[in-house]
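Starting off, we have a lone chain in the form predicted on its own, written out as C-alpha cells.
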C-alpha cells in the first residue's frame, strides 16, 4: 500500500473515531431516555436520561432483562416486532421505574447491525405520556362538564321540584304531629296530624306568633311546654290529656350556619305508655303474690337446716342449703321486680337526710371483704383526707347502689385481679369510683348498660344468674339524688363505674 492510500485510510479512521464519539455524545446527552438492548432482551447500556426516568443507576440496570421495567406480556410482542421489522414507532407500554409507580410511555425501537448485516441488538427510547394523558383527561372532563352544564342545571331544577313535592308529601302524611316555626318564631308549617291532635285549623294558626298561639286554648299547654324561646328538646314527655301522651323533640334547622327555624315533632306514645303501665302493674301484682309463698319456703328451710324439726344428715343438709340459696335468689329477684315497679310508678321515694358517705362505704365494705378474700381478688378502699364527708342522701338506697357496684366488680374480676373503691371531693360534689381489672364491656354493648333487664354477653357466660336490674335501679337512685352516674370500660382491661352526688348545701 502506498503512502497516499495509507494517508486516506488514516483519515477515514479518524473520521470514524470522531463519528463514534459524536454518536456516543448524542446518546449520552439526549434528553430522551435511551438504552441499548441485546437481541435476547438484556440491557447493555443506558443514557443518563434513562437512568433518571427509571430511577436505576447504570450498574443496577445494565445486565438486567427489560422485564425488570416492563410487563412481560407487553414487552415480548414489542421485541418480536422489532427483530422482525427492524423498528417499532410509538407503541404505548406501561413502564415501571424503581419506585414501582406505573408510567404510561410511548416506545420507539431501531435494530443495530454489524458490518455483516447481523442484528447485534436494538436501541429503545421512551416518551413519557403521563402529563399528556393527564392533560387529555382533564380536557375531556372539562368538555363533558361544559356540554352537560345546561342539562345538569335543568336536572337540578327538576330534582329540586321533586324534592319539594316529596317533602310536602312526607309532611302531609307523617304520622307524627309537626309544627315548623320560622326564625321569627312564627308558625310556618303545620301538618294534618297536628291539626287532628290539637283540634285546630291550619288556616287560623299559620303565620301567627308564639304570643298569639299561647292565647289559644287548644295550643296553650303546648306553647307553655315549649317556652317562648323554643329551645332544643330531645324526646321529652308532654301530656296533652290523661290518655294522650307525646314524646316531643325540637330540632333547630340550619343551612350553611344560617338559622332557618325550629321543627317540633310530637310522637304519640299513649298506647306504649298504657301497655307499659299494664306491664308494671302485672309485675307488681305477680311479685307480691310470689313473695308470700317464697318467704314461707325460706322459714321452713331454715327450720329444717337449724334442726328444729329433727336431725338431718350431711347430704340432706347440702341439698337443703342449695335449695335455700336458690330460694334466696328468687326472693332477691322478686324484690328487684318490686323496686322496678315502684320506680316506674313513681313510688320509689327517697328519704333524704345528712349521711357520712365514708362510714356508709365502710358499712358496705366490711361484710364484703371476706368474699374478695375467698375469690383471691385484691380489694382496696382509697379514703379521702377528710375523716367524714356529709351528703344529703337516702342511706339505705345509696348502700344498694354501692353494694351493686362492688358485687359486679367481684363477679367479673378473675382470681388475682384488683378492685378498688375510692372517694374524692370535687367542686361539683362527692365522686365515688369502683374500679376493677375484670372482663370489661364491649363497645357495641355499652349504650345499653343502664337499661333494665340488660346483661352483656360476657357477663351472662360468667354468671348466668342475674336479673339485669341492678344498674338500672342504681341509675334511678343516683339521678333521684340529683347526681350523675357513668362508667368507662375496655374489653380485657377492666371497668370503672362512678357516681357523683351534689355537695350538701
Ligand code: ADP
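Residue numbers count along the first chain shown, from 1. Not measured: the values here are computed from a predicted model.
The form predicted in complex with adenosine-5'-diphosphate (ADP) is left out here; the points below concern that form.
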For the chain shown here without its partner, which stretch in 434 to 442, 476 to 484, 61 to 69, 43 to 51 has non-hydrogen atoms within 4.5 angstroms of adenosine-5'-diphosphate (ADP) in the predicted complex?
434 to 442
So in the predicted complex, does any heavy atom of residue 397 sit within 4.5 Å of adenosine-5'-diphosphate (ADP)?
no
Please determine whether residue 404 contacts adenosine-5'-diphosphate (ADP) in the predicted complex, using a 4.5 Å cut-off between heavy atoms.
yes
Quick one: does residue 466 come within 4.5 Å of adenosine-5'-diphosphate (ADP) in the predicted complex, counting heavy atoms only?
yes
Is there a heavy atom of residue 411 lying 4.5 Å or less from a heavy atom of adenosine-5'-diphosphate (ADP) in the predicted complex?
yes
If the criterion is a non-hydrogen atom within 4.5 angstroms, does every one of 34, 78 and 122 touch adenosine-5'-diphosphate (ADP) in the predicted complex?
no
Determine the residues of 464 to 503 with a heavy atom within 4.5 Å of adenosine-5'-diphosphate (ADP) in the predicted complex and present them in sequence order; the list may be empty.
466, 467, 468, 469, 470, 471, 472, 495, 497
